[in-house]
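Below sits a lone chain in structure tokens, taken as the form predicted on its own.
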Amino acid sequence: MSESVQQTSVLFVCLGNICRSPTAEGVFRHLVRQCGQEHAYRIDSCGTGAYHVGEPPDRRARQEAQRRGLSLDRLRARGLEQRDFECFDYLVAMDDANYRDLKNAAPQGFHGHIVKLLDFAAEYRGASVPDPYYGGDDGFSKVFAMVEQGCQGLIEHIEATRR
């Protein structure tokens, strides 16, 4: 008989949901799959702006993910919804502006956690994940590395709270 684990829900949030937050969603999914914990998580991503609803992640984000052995191809952008505050335990902002937007949109009595991803990455603690959208391909590689560190640290944090 398998041990029952309470599922933790995690929502990654950036501005448009086509670069940073889908990258974080893909990386987080990959990491929890690697440690056999996918049953313990519900994972999604969204944007604070609804600029790209229905679109796949940026081509450069998908290419960088593919170079690193994972796929973002099935993901589609969506906007933040008020019900997300009821459905997710962790709302994970990619930068200070998204963090402020989440704090301002959170309903009174919200009991989840609004955090910044890089607060879980020792090397980048306190920093924001830069938006690579208007830059070159190398920005996506840098973002991916930062997101990996943040996601690994977030998993470690969540797993430590389960004990």
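One rule holds for the numbers: they count along the sequence shown, beginning at 1. Predicted model only: the values in this text are computed from it and were never measured.
Below: the form predicted in complex with a small molecule, not depicted.
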His113, Arg68, His30, His52 - the one with a heavy atom within 4.5 Å of the small molecule in the model of the complex: His52
Stretch from 30-38, 133-141, 120-128, 105-113 whose residues place a heavy atom within 4.5 Å of the small molecule in the model of the complex: 133-141
Contact of Cys151 with the small molecule in the model of the complex (heavy atom, 4.5 Å): no
is_contact(Cys14, the small molecule) in the model of the complex, heavy atom dist at most 4.5 Å: yes
In the model of the complex, Ile18 touching the small molecule (heavy atom, 4.5 Å): yes
